[in-house]
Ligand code: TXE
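As C-alpha cells, one chain now follows by itself in the form predicted on its own.
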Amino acid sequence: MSLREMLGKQPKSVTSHVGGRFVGAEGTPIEVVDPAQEAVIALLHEADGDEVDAAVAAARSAFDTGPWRGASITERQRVLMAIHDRIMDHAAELAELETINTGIPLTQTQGMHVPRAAHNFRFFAETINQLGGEAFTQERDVLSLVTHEPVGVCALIGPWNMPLGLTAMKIAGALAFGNTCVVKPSELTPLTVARLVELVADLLPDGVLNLVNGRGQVTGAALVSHPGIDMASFTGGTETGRAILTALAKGIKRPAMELGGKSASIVFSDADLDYALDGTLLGSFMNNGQMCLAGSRIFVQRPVADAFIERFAARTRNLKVGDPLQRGTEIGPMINRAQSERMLRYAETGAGEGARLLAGGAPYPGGNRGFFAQPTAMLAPDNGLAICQEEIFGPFATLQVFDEEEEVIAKANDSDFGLVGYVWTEAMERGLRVSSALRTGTVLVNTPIVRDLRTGFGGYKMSGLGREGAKGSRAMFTEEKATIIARGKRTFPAMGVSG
C-alpha cells in the first residue's frame, strides 16, 4: 500500500510537540487535504492559547536554564549535521509526504525541497564556525569588542507553498545561533514539518524545538502576541505579515518578514532566446507557480516580442498537468479550491481590462477530483492591470512588450513589491546596469531561480523586512553587544570633589 493510500485510509494525527513530548489531542480537529485527490490525509489538532503558553514556557525554560544557549560551536555543529543526516536518511519519505500534502510534483520535492531542507542545517553548521565578532581600537587606551548573543525564544511561522525547505531555513538559523524556538507550520501543509520534529526530537535538549499547529487567527495570533517570545520570523502573504507586525509592535518584539512578490522578468532582444524561454517558463511555473519569487511579470523587447510570446504561449499550453506523484508531471494542483478559483477569476479580470488570453484560463479538463487549473498566460496592454500588479500565486504569467531600457526599468519598479528581478541579456554591462536600477532584494541575470545562502534573501517595499542567509540570519537571530574595555587607567574629569 502506498503512502497516499495509507493516509487516505488512516489519516495521520498531527499534534503539538512541547517540552520534548507530543501533546494536545482534544477538540475538533482540522482536516488536512491532499489537493490532488481531495481526500483527508491528516487530522490537525489546533493549539489554543493555553497550549501556546506551554510551548513558549518550555522554550523560555530551555533558553534560560538549559544547555543549548551555552553550547559550544562544535556541539551545535554536531547536532546540526546530525539533523542534516537524519533528513537525508528519510529523504524519500519526506519528498513523497511533501508532494501529497502540497501538490508540488515529486520531481521537485525530491530534487529541490528535501535536499534544500537538509542543506540548510549543513550550511548553518559551517556558517557559525566562520562568522566572528569585531574589535575596534579608535581610542588608544580603549578596546571595543562586538559580540553576537542569541536573541532568545523565536516564533517561527512557515508557509504552505514550500513548508519543509523554508521552515527548515528558519529552524536551522535559530538553532545555529543558540536560540530556542516555537514553530508553527501552515495548517494547510503541516505534515513534513511535523515529521521533521518527530525525526530530530532526540537530537536536541527538551524544549529547544517546540511545535504548535493551527490556524493563523487562532494559534498564530496567540504565538506572535505572546509576551514570552523575543522575535518572530514569518514567510507568507503580505496581509498576514501586516497583522503579525501589528501584534509584534505592541510588545516591541523583533520582526523578520519574507512576504509577497510580483517579480519582473525582462527579456532583451539580445538575449539567447531559447535559453531565456526555458528560464522564464521555469521561473513562472515551477512549484505550480505558487512561489513568492515567481518571475511571472514578463517584459519582452519589441524586436523579438512576437516570436517569443508565441513560443511562450505554445509551451505553456504544452505543460503536463496531472498527479504530482507521477513522473513527468510538470504542474500539479493548486493548494485548495479557493486558490484555484481565485486564479481563474484573475483570467476573467484580465480579459475585462483588455488583456488577451494566450493559454489556459480555465479548469483543467478531464479531472473529476483535485484542485487543478490550466497554466495561464495573458498578454497585457498596460502594467497597471490587476493581473500585473497583484500577486496571483498560481501558474499564471503576464507578458508585456517594451521598447527602451529606461522604459522597462520604470515598469519593473512600478510595483508594491520588490522581492526578485530577472534579466535576460547577452550584454553583461547591461545586466549589471539594469540590476543596479531594479528595486528588488535579489536580481538574477541569465538564470532562473538560484539561491546562494551566503547572500541575504528578502525584499524591498511590501516584500518584507530583514534578510535570511548567513549574515542576515545572524542579524535576525542574535542581539549585537558592544563591550568597551579600558586598557589601563584613563584620565577623565573627577566630579564632586570639594574645592
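Residue positions are given as counts along the sequence shown, with the first one as 1. Owing to the predicted nature of the structure, the values given are computational and were not obtained by experimental measurement.
The following text describes the form predicted in complex with this ligand, which does not appear among the structures shown.
- Item | Contact segment among 372-380, 158-166, 275-283, 113-121, judged by heavy atoms lying within 4.5 Å of this ligand in the model of the complex | Of the stretches listed, the one contacting the partner is 158-166.
- Of Gln339, Thr316, Thr425, Thr329, which one comes within 4.5 Å of this ligand in the model of the complex, counting heavy atoms only? It is Gln339 that has a heavy atom within 4.5 Å of the partner.
- Query: Which residue, Ser296, Thr109, Thr235, Asn210, has a heavy atom that falls within 4.5 Å of this ligand in the model of the complex?
  - Reply: Answer to the contact question: Thr235.
- Message: in the model of the complex, is there a heavy atom of this ligand that lies within 4.5 Å of any heavy atom of Leu259, even though the partner is absent here?
- Response: Residue-level check for Leu259: yes, a contact with this ligand.
- Message: How about Glu187 - does it come within 4.5 Å of this ligand in the model of the complex, if we only consider non-hydrogen atoms?
- Response: Contact with this ligand, yes.
- How about Gly220: is it within 4.5 Å of this ligand in the model of the complex, going by heavy atoms? The answer is yes: Gly220 has a heavy atom within 4.5 Å of this ligand.
- Does Ala243 make contact with this ligand in the model of the complex, using a 4.5 Å heavy atom cut-off? Ala243: contacts this ligand in the model of the complex.
- Message: Need the contact residues for 278-317: heavy atom within 4.5 Å of this ligand in the model of the complex, sequence order, or none if there are none.
- Response: The one in contact is Cys292.
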